[in-house]
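Just the one chain here, the form predicted on its own, laid out as structure tokens.
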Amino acid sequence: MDFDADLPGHVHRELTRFLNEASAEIRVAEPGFAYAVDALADFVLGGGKRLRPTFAWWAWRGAGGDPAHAEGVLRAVSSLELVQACALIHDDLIDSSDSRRNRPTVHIAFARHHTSSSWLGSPEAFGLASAVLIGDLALAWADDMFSTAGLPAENLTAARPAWRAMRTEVLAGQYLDVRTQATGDTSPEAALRVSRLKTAAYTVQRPLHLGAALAGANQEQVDALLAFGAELGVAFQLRDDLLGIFGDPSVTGKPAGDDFREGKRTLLVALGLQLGTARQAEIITKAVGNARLSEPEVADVRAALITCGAVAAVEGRIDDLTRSALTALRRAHLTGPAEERLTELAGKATQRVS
């Protein structure tokens, strides 16, 4: 079967199949857990661009993956969506976010379920605990889906280092993000460290590594793809930072200015403080971590970031990183349409509106 034409659709079908199979036994054994399982399935199947499986797929194709293993590879790379689900559910909880994809976040939805059910105890504590456990379930099931993809043992063994590194790096990035907020480190270097681990590694770099390893790529190809993924992944995060402040909430699915309310020390913030006047730096500083930041105050921060040149500097960094990434991609010498498709993905990842 040719999966190239509608890869996101095929990923969606694989996820649907796996989630149905993985949940069947526990639904019978513990009917009370069905609500939590349904919430995870709704979260995974209810949206997303399927970027991570797409990067992994084209790395596998470009590194000369055996077509006979296509179905197994599709299943293996689809498991990356469950890793993302874990990261997003936990991230929303850590950041106290109320919405994602224009819907209540998992911890908020479960707190409301607690209230509407007139249960005992704190709705907020129940929502918090539920989100932690559902995120953990997503990560456990990601490993199950990857391990049972039906690929030869040698292929899975070759891809395991990329899989292990990805899981460790995304958690390390999450921790560094929390730590940076706690220490108040507003340096550009700290912001970029978080971007490289929290986003670049598990969004682009390790999915590419995973796909290439499943194909039996040589080290030169792997190194070139890792370089491509590292640069592009940071550019992706920098675009996300801009959208968090300037994006349309109806498109992004999250309120504008939430990064400030959550206290995110992004590169945009770091450059705003570095380049701004004393007054502009004061406006930015007061906004970071202000949970009650109003729309007029968000507008003031936007104006300060634009006027001081921080927005232009981040846009310039995105362009530089994208060019560097595409140079590295050409060194991978991928076969078939893979280089063209990955170049297209680079454009969509760094110039997107949501």
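Just so it is clear, the model here is predicted, and its values are computed rather than measured. Whichever C-alpha set is largest while still superposing within 1.5 Å between the two forms counts as the rigid core. The first residue of the shown sequence is 1; numbering continues from there.
If you look for the form predicted together with a further copy of the same chain, you will not find it shown, but the lines that follow are about it.
- Query: Taking Ile108, Arg261 and Ala287 together, does each of them reach a further copy of the same chain in the predicted complex with some heavy atom inside 4.5 Å?
  - Reply: Checked in the predicted complex: no contact with a further copy of the same chain for any of the three.
- Quick one: which of 159-167, 261-269, 226-234, 239-247 gets within 4.5 Å of a further copy of the same chain in the predicted complex, going by heavy atoms? The contacting stretch is 159-167.
- Item | Exercise: His90 in contact with a further copy of the same chain in the predicted complex, heavy atom 4.5 Å | It does: once a further copy of the same chain is placed as it appears in the predicted complex, His90 has a heavy atom within 4.5 Å of it.
- Query: Do Val298 and a further copy of the same chain share at least one heavy atom pair within 4.5 Å in the predicted complex?
  - Reply: Outside the cut-off, so no.
- Message: Please determine whether Ala22 contacts a further copy of the same chain in the predicted complex, using a 4.5 Å cut-off between heavy atoms.
- Response: Taking the distances in the predicted complex, the answer for Ala22 is yes, it comes within 4.5 Å of a further copy of the same chain.
- Query: Are any of the heavy atoms in Arg179 no more than 4.5 Å from a heavy atom of a further copy of the same chain in the predicted complex?
  - Reply: Yes - in the predicted complex, heavy atoms of Arg179 and a further copy of the same chain come within 4.5 Å of each other.
- Exactly one of Ala304, Leu51, Ala36, Ile318 has a non-hydrogen atom within 4.5 Å of a further copy of the same chain in the predicted complex; which residue is it? Contact check passes for Ala36.
- Of the residues Leu275, Ala256, Ile283, Leu133, which one places a heavy atom within 4.5 Å of a further copy of the same chain in the predicted complex? Selected residue: Leu133.
- Query: Can you tell me which residues in 122-142 come within 4.5 angstroms of a further copy of the same chain in the predicted complex, by heavy atoms?
  - Reply: Those in contact are Phe126, Leu128, Ala129, Ser130, Val132, Leu133, Asp136, Leu137, Leu139, Ala140, Trp141.
- Query: After superposition on the rigid core, does the Cα atom of Gly289 shift by at least 2 Å between this form and the one not shown?
  - Reply: True for Gly289: a C-alpha shift of 2 Å or more.
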